[in-house]
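One chain comes next, on its own, written as C-alpha cells: the form predicted on its own.
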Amino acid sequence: MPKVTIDDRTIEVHAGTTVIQAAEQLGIFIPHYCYHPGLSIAGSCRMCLVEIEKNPKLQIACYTMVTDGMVVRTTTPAVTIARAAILEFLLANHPLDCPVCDQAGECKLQEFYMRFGRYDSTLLEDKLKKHKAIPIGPHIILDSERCILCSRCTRFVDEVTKTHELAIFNRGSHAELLPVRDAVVDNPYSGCLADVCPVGALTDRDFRFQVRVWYLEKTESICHGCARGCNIEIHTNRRRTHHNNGRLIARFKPRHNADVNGYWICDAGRYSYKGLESDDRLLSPAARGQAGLSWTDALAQVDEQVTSAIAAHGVGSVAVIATPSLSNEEIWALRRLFREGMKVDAIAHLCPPDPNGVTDDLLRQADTFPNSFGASVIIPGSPPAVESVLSSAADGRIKTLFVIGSGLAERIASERLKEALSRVELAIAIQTHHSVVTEAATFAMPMTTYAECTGTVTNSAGRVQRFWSAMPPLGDSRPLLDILADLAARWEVPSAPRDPQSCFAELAGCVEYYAGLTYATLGSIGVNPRQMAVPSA
C-alpha cells in the first residue's frame, strides 16, 4: 500500500486512492466543485489544484492517483494564487445575485470565495446573459447564469438514473447547461440534482424561497417510504415559524450511508415529508359520535369497554392489527401488552402489497412499509394475515379489534375495511392520520409520526437503524409507547418501558436477532446483525 505525505502528515492508503481521497482521510479539506464521490471523475473545475513534489506544474487532486513516497502540499503560495484565479474565472459570467439566490448559505461559490478567493476582479467586459429560472421538471428549476459547468448534474443523469435529460451545449463562454431536446427532468430521483449542484443553478422547486437555510435545524432520521430505509436528514424551521407556510419540516435531504442508499434518495421519499404535517393528521382522541375527547376520558372509556367485551366473549374474541409502519420499539411494546400481558394470540402484521409500490435497480422497493423485517422478527411464529383477521371480523368471530399503525387504507378497499370494522362490537384505531379506519372505529386515538419520536426500524436487508425526534408532537398526539403503557397500567398487566432506549434494551435482551445491540452500538448509520463478526469458539 502506497504512503503519501500531505502537508507534512503521512498516511498509508489503498492502491488507486486519489490525492483528494487521501487528504480527506487525513482530515485535510481540498476545495472542489466537479468532484463528487458518487460520480465519475471529470477533472474540469480545476479548483482542487495542489503542488506535488518533483512535478513541474500544479496537479488536480481529484484525478491524480497516490504513488508511494508522493509528497503533496495544498496551501503553498502557488496553490493559493491558482485557486483565486480559478474562482475569478468561474465567476466571470456569474450574476452575483446572492441576496436573492435560494442557494445562499449553502453555496460553494459563496463559501470558497470567502475562504480561498477575495481577489480584486480584473474583468472589465460585460457578463454574458443566459437562460434564467427555467422549470425543467416537476421538482427542479434551472438558472443557467449561475451554472459553473461542473457537469455533476449531467453525470448524475447519465450514470445514476441513466435518463440523459441534461447536457452542456455550445463552447467557450457560451457553453450552457440545458435539457436535451426539450426533455422534462421527471425521473424518480430528479430531486437529487438540487443536492449535487454545488451552486444555485439547479434548485428544488418545492423548497425554493420557503425559508433561508441558516434558520434550519438538522435531525438524522430514516425515510419511512419503503423497506430500503434510506438515511436522511430532516430539516426543520423552528426559529422563523412564520416562514415555510407555518410548517416545521422544510425538507428531507439524503444522508450518506454506503451500505444502504449511498448519496441518494428517491423523490417519493424526499417529498413524503408533506404528509407529516398534512391537514388530515389525527390530532385529538375521538369516539364515534363524540369528538374532542380528553386522553383521560378516552383511555377510561376504552378500558371500560374492552374489559366488558372480554368478560362477555373471552380474550379469544380480541385481535390486533399492527402494521409494519411501527418502529421496533412500538412493535415490542405491543407484543408485551397484548400477547404477553393480555394473552391475545391474534396479532396480525402481514399486510397485502401496496399497489403503488415500485422496485427499481437503484433504491426503491415495492414494500412501502419501513419495518416489515422487524415485525416478522419481533412477532415470531405464524401470525394471521391482516386479511384473515378482517374476514373474521366481518364474520362476527372477532368482537374487539385494535388497528394500530398506518398503511391499511392504501392496501385494502375502503368498503372492506368499513364492513369489517362495522361488524365488530368494539374497534379501537390508534393512528397518525384520519382515514376510513378512524371514521369506522369506535375510538380513534392519535399517535405521533416517526418525525415526532425516537426509535429504530429494521430494513429489508436486516439492518437496524435509528431515527431521532425532529419536532414536538402535533396537537394532542402521543408516542405509542406512552399510550400502550397507560392501557397496560389500567389493565394491570406488564408493559414495555416508555423510554425508547430502555424499550430497545429490553427488546435486545429478549429477541435473539437484536442481542447485543444498543443505541450506542447502532450509532448514526445502523448495524446489520447478519454481518456482525461471529466470535471464534
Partner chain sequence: MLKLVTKNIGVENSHTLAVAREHGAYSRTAKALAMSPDDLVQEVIQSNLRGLGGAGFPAGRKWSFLPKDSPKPRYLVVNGDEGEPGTCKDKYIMIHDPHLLLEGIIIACWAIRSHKAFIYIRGEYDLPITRMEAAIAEAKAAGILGEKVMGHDFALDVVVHRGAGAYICGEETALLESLEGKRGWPRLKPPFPAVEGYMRCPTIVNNVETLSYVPFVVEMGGPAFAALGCERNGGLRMHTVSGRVNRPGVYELPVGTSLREIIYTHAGGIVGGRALKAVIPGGSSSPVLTADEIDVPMDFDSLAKIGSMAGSAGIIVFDETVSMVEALQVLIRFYAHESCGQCTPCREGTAWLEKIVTRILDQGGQPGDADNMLRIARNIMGNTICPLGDAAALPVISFVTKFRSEFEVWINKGRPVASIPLRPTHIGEPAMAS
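Numbering follows the first chain given and starts at 1. Note that the structure is a prediction, hence the values are computed from the model and not measured.
Although not depicted, the form predicted in complex with its partner chain is the subject of the following passage.
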{"property": "Its partner chain in the predicted bound form: contacting segment from 23-31, 491-499, 478-486, 39-47, heavy atom within 4.5 Å", "result": "39-47"}
{"property": "Interface membership of Met114, its partner chain in the predicted bound form, 4.5 Å heavy atom rule", "result": "no"}
{"property": "Proximity of Ile60 to its partner chain in the predicted bound form, heavy atoms at 4.5 Å", "result": "yes"}
{"property": "Any non-hydrogen atom of Ile347 within 4.5 angstroms of its partner chain in the predicted bound form", "result": "no"}
{"property": "Residue contact check: Gly172 to its partner chain in the predicted bound form, 4.5 Å heavy atom", "result": "yes"}
{"property": "One residue of Ala311, Ala413, Ala291, Leu124 in contact with its partner chain, assessed in the predicted bound form (non-hydrogen atom, 4.5 angstroms)", "result": "Leu124"}
{"property": "One residue of Ile232, Ile428, Val389, Ile148 in contact with its partner chain, assessed in the predicted bound form (non-hydrogen atom, 4.5 angstroms)", "result": "Ile148"}
{"property": "Within 4.5 Å of its partner chain in the predicted bound form: residues from 69-86 (heavy atom criterion)", "result": "Ile81, Ala82, Ala85, Ile86"}
